[in-house]
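This document starts with one chain, in the form predicted alone, laid out as C-alpha cells.
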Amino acid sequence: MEETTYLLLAFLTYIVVMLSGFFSFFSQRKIFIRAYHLLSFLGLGFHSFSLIIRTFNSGHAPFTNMYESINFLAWACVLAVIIFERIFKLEKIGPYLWLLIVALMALISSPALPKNVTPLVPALQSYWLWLHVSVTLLGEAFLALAFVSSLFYLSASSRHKADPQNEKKKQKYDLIAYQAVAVGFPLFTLGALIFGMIWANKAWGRYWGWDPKEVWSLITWLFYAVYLHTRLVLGWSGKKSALIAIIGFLAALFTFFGVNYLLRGLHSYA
C-alpha cells in the first residue's frame, strides 16, 4: 500500500479512538475502553508504516517541510499519549489529546500544505537533520500533553473547590503536566538547542546566529526552564505552574508555525 493509504487508515483509526474515549465518559462498558486502548496501537502502526514509506520514497528524513513536520509531530503525540496512558491512566484528558491529534491529521490533509517530495538543499543533507528535528518534535509532543493537562487543571480549579474528588483530579492533572514537562523539556533542550547548535556550526560555521527560529526556541526553552525551576526550587505547583506550561506551549506553537511563515529566516518554509 502507498503512504497515503496508511496515513488515511491511521487518521480514521484515530477518529475511532477519540470517539471511543468520549463514549467511555458516558458508559463504563468495557468495549469502549478496550477499543480505545487497542486501536491506539493499531493507528500508531499504520502511521509508522506511512512514515517509513515516505522515508524510502524520498530518500531522506520524513520531516523536511511543514507537511512532514506536522505529520511526524502527530505521530510523536500518539506515542506520548500511549506512554502516559499506560503510566497514569489519562481518563478524561486522553480523548482531548486524541482530538488534538485528529486536528493535526486533518491539517496535514489540507490542500494548503504541499505534499510532494522535493530534493534537499545541501545544508539539510546531514544526519544531524534526523537528530535535531526528530528529538525536538518528540519533546514538543510531551509538552503538548502538559499543555492539555494544565488546561484541565485550570478548568478543575474553577469549580467545586470544596469537592475532595475534584481536588484529587487537580492533583493528578498537575502531576501529569509536571511529568510531561520533565520528559519533554530535556528532549527539547537536546534536540532544539544542543543538536541544533552543533548542526548550525557544521552547516553555517557558527553555533548561534540569532535567526528567528533560534530566538523563539530559546524563548520557549526559558519558559519551561522557569517552570521546572519554580517547582523544584521555589516549591510552586498548581495554578502558577499550569499558567507557565500553557504560555510555554503557546510560545512553542509560535516557534513551530509562526516563525516558519511570518518571520523570514533560515528556517522559513515560505
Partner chain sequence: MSGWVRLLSSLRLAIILLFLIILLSIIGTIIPQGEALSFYQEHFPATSRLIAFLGLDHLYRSPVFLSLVFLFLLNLLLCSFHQFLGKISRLRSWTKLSGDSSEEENEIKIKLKPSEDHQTRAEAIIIALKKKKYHLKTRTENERKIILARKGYPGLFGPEIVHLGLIIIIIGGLLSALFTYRTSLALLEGESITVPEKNFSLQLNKFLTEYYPDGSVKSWKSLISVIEDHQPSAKAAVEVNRPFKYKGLNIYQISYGQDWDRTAVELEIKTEDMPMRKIILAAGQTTKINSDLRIRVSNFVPDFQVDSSGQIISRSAEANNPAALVEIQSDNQTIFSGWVFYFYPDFTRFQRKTRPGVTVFLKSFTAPVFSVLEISSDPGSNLVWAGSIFMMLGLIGSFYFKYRELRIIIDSSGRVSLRPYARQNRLGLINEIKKLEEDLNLSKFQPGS
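Source: prediction; values computed, not measured. Numbering follows the first chain given and starts at 1.
Form predicted together with its partner chain: not shown, discussed below.
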- Task: Give a yes or no for I82: in the predicted bound form, does one of its heavy atoms lie within 4.5 Å of a heavy atom belonging to its partner chain?
- Result: no
- Any of the heavy atoms of P114 lying within 4.5 Å of its partner chain in the predicted bound form? no
- Message: Is it the case that V183, even though its partner is missing from this view, gets within 4.5 Å of its partner chain in the predicted bound form, heavy atoms only?
- Response: yes
- Is there any non-hydrogen atom of Q125 lying within 4.5 Å of its partner chain in the predicted bound form? yes
- Message: Please determine whether each residue of F23, F46 and F72 possesses a non-hydrogen atom within 4.5 angstroms of its partner chain in the predicted bound form.
- Response: no
- So which of 103-111, 186-194, 89-97, 145-153 is the stretch with heavy atoms within 4.5 Å of its partner chain in the predicted bound form? 186-194
- Query: Considering A35, L42, L228, L243, which brings a non-hydrogen atom within 4.5 Å of its partner chain in the predicted bound form?
  - Reply: L228
- Message: Given a 4.5 Å distance limit between heavy atoms, list every residue of 191-210 close to its partner chain in the predicted bound form, or none if there are none.
- Response: I194, M197, I198, W199, N201, K202, A203, W204, G205, R206, Y207, W210
